[in-house]
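Laid out below as structure tokens are two forms of one and the same protein chain, each shown alone and named structure 1 and structure 2.
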Structure 1
Amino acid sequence: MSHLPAIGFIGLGIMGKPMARNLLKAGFSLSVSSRSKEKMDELAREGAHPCHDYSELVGRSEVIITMLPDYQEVRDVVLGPRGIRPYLRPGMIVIDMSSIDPTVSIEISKQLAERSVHFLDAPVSGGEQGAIDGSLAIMIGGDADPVQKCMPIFEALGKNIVHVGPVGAGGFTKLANQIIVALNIAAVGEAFVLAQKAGLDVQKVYEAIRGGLAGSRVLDAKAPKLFQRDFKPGFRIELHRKDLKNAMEAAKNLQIALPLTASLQQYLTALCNQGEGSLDHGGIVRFFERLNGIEIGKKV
């Protein structure tokens, strides 16, 4: 593949659509498939080839990219009875860029290897804005050769591109990332619940601590919005809940105990049941606010 490989893109959601658009802009021949005729038409107007079945999509492509909600959808699309598998040709590459349980990625990879099809797991971080700007962080798991061949694709989609290890390594890295982000947001929640309840000016507390060891991307990105009560997504709590669910699935498969992540996953479930799942994940602090009947930033 010294030329740009022809790509088939499956899953034109909040992330997938702008990613597909960036591939078109970079000059890739792109076939698309989505349950939504509207989204297919939209991308067709920008130069994509809309496909109404997977036979056509796979037939036109050398690389298939999936960007789907969770592992069930990925497994269905790749391995399911109405999925792409029957149409895949030896030497093709399937890249799943969804955020799923990496043990499922490893399982899919093994099944595709039986048909001499390469599989990469390449989840991303950076959210909708990163997808639009083509500035996603991309964490890749898979064999060196297909990773190398797909580098022009990754470069059209993101900035910080790291080949972490074999299949599954991308997903495990994403889970590690999401554990840290969720716990860092929760830490901000508990710290500022204490400060608020103690009657402090939380803005001054933020100024006093942000330059020290407590400083973080999460603190700077989420605390000012928290004080303004701005929880507009961004990345939704219900999606972060899914990531922590997948982290605990992976932990179960690896037989390890992650007690804080396990607790936090329960708290996010509670928060979703309390109707807060569509808030930005900075709203994870709402769990600690509700628990204590207070609002951070409210004048006392």
Structure 2
Amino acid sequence: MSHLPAIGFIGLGIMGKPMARNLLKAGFSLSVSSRSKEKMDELAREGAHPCHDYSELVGRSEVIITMLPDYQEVRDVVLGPRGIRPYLRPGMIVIDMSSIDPTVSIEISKQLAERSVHFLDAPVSGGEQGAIDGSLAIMIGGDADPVQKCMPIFEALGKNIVHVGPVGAGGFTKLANQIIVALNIAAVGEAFVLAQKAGLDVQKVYEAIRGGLAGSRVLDAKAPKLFQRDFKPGFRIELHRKDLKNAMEAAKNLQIALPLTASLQQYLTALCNQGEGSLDHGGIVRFFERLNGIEIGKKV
């Protein structure tokens, strides 16, 4: 696969569509499949080939990429009765770039191996902007040979690309990532609730702390939007709750305690129950605002 492989891309959501667009810009032959005809038509105008059935998509492709909400959709698309498995040819590579339960990735890999098809789990971090910019962090699990063959694909999508281990390792790495991001956002929420209640200018507090040890990419990405009350989704609260659920399931299987993650998962569940699951995960701060009757950034 020294040439650029033909790619079939399944899932054109907030992350998937800009990722597919970057593959087109990098010169890949791209076929796309989505439940949204509008999104397929949009990419077709940019050079992609829209496919309305998986037999056509797989037939036109050497590598299949899935970017879907959770493991149920990934399992259904890859292994389900109407999925891609019957059409896969020996030597093909399937890359799942969704954030799912790593044990499901391992299960899919074993079943595809029976057809001599390689499987990589390669979840990403960086949100919608990272997908648009082609600057995603990509955590790859799988055998070294297919990883190397697919490196031009990963390089078209991201900047920080690490092969972390066998199949499943990508998913476990993403769970660790999601724990750190969610807890960072929660800490930002609590900290600025304190500053707001003390009567401080939260913008100045942000400027004072961002250059010290409390500074982080999460702080820089979320605090300005928080002050502007901008919770337009780049990565939705309901999806982050799903990731923390998968982290807690992994913790159960590994027989370890993750008390901070467990508490935060409950906070996200409360926000979803209050109708805010479709907000950006920066909206996690709203839990702490409500708890204290405070709106960060509001003049006091």
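Since the model is a prediction, treat every value here as computed from it, not as a measurement. Quick note, the numbers are simply positions in structure 1, starting from 1. So that the term is clear: the rigid core is the largest set of C-alpha atoms that superpose within 1.5 Å between two forms.
Matching the description of the form predicted in complex with a further copy of the same chain is structure 1; structure 2 comes from elsewhere. Hinge assignment between structures 1 and 2, with options F172, N22, E276, Q265: the rigid parts meet at F172. Of the two rigid parts that make up the chain, the smaller rotates 12° against the larger between structures 1 and 2.
On core superposition, N184 has its C-alpha offset by 2.8 angstrom between structures 1 and 2.
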